[in-house]
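Before any questions on how it binds or moves, here is one chain, the form predicted alone, in structure tokens.
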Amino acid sequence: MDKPKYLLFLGCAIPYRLPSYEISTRKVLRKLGVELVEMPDFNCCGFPTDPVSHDTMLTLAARNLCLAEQRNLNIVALCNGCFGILNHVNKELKEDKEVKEKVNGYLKEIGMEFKGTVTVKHLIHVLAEDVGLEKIKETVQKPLSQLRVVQHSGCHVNRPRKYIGLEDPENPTILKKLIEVTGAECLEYMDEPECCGAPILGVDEKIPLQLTRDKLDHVKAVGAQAMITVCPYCHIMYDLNQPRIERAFNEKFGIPVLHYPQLLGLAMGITPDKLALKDLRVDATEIVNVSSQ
């Protein structure tokens, strides 16, 4: 059986703000036999432009899809927002002839044409579907059986159900199963599927910070030692903004927030330095200590 091979779509936020997500992803996928092909000529997925110009969003996303078609490779995205937009546009253009013709009119000006020959997956879908839980379990050298964590899968990896439809957005289980493969216990907590608030951070800081604070409070209430994310923007809200939230609300959480590949990497026996755990804003020393026991 040929090993999975994907065109890696990094998006905008990860290379500039969260290289730890990319670094840890590359480490674990290499161990799992997933080949990543670079995509140096990609552009923004289009998500930020949608409120201003829907056609611009469609065209930006379609250009990325065309790049994948030219290489005859499917796309794997690490960002929920990038996955959501690329997957949405890919399906819309395949199903709506009028929209496809309109977008291809724009693409023709740069010598491209959307044909609809590739698919788009998020990292967790590649892990769960293409690699498989059993194969991942075989790579676990240091089961994290002493660790209690919670998941935050985010919104766009599950919503809207019309374009994704892989699991119940109100009860997502793919990330939970991937967490449990590492040996860690995945706890349930209040308002688990709620948004982190990141999409409205640029409009009104008070609401998203309150949403994030409430989520952290619920996580703390169940005694979780860490939160596990698979979206850069969710990670920014819970990790990078956690000290800011603590100051704003005069509370102390101290909850480490790990990218899922960092958690899996620890279970695989990859050293914390190689997984860029030092790049996390909230100190993860306790998690590292638990993983080494």
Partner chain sequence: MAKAEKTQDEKARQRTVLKASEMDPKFKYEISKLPGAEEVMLCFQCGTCTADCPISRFDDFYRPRRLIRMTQLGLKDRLLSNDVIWLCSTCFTCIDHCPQGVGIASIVRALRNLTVKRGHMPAGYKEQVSNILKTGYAYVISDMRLRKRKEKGLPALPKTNLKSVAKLFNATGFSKTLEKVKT
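Since this is a predicted model, take the numbers as computed values, not measurements. Positions refer to the first chain, counted from 1.
Not on display, but discussed next: the form predicted together with its partner chain.
Chemist: Identify, from the list Val222, Ile200, Val140, Leu133, the residue with a heavy atom within 4.5 Å of its partner chain in the predicted complex.
Modeler: That would be Ile200.
Chemist: With its partner chain left out of view, which of Val118, Val126, Leu107, Ile174 would have a heavy atom within 4.5 Å of it in the predicted complex?
Modeler: Answer to the contact question: Leu107.
Chemist: Heavy atom to heavy atom, is Asp279 within 4.5 Å of its partner chain in the predicted complex?
Modeler: Residue-level check for Asp279: yes, a contact with its partner chain.
Chemist: Check Phe47 for me: does it contact its partner chain in the predicted complex (non-hydrogen atoms, 4.5 angstroms)?
Modeler: Contact check for Phe47: yes, within 4.5 Å of its partner chain in the predicted complex.
Chemist: Is His54 close enough to touch its partner chain in the predicted complex, meaning at least one heavy atom pair within 4.5 Å?
Modeler: It does: once its partner chain is placed as it appears in the predicted complex, His54 has a heavy atom within 4.5 Å of it.
Chemist: According to a 4.5 angstroms non-hydrogen atom cut-off, is Gln210 in contact with its partner chain in the predicted complex?
Modeler: The answer is yes: Gln210 has a heavy atom within 4.5 Å of its partner chain.
Chemist: Taking the partner as it appears in the predicted complex, which of 39 to 47, 250 to 258, 264 to 272, 223 to 231 has residues with heavy atoms within 4.5 Å of its partner chain?
Modeler: After filtering at 4.5 Å, what remains is 39 to 47.
Chemist: Counting only non-hydrogen atoms and a 4.5 Å cut-off, give the residues of 119 to 157 close to its partner chain in the predicted complex.
Modeler: Cys155, His156, in sequence order.
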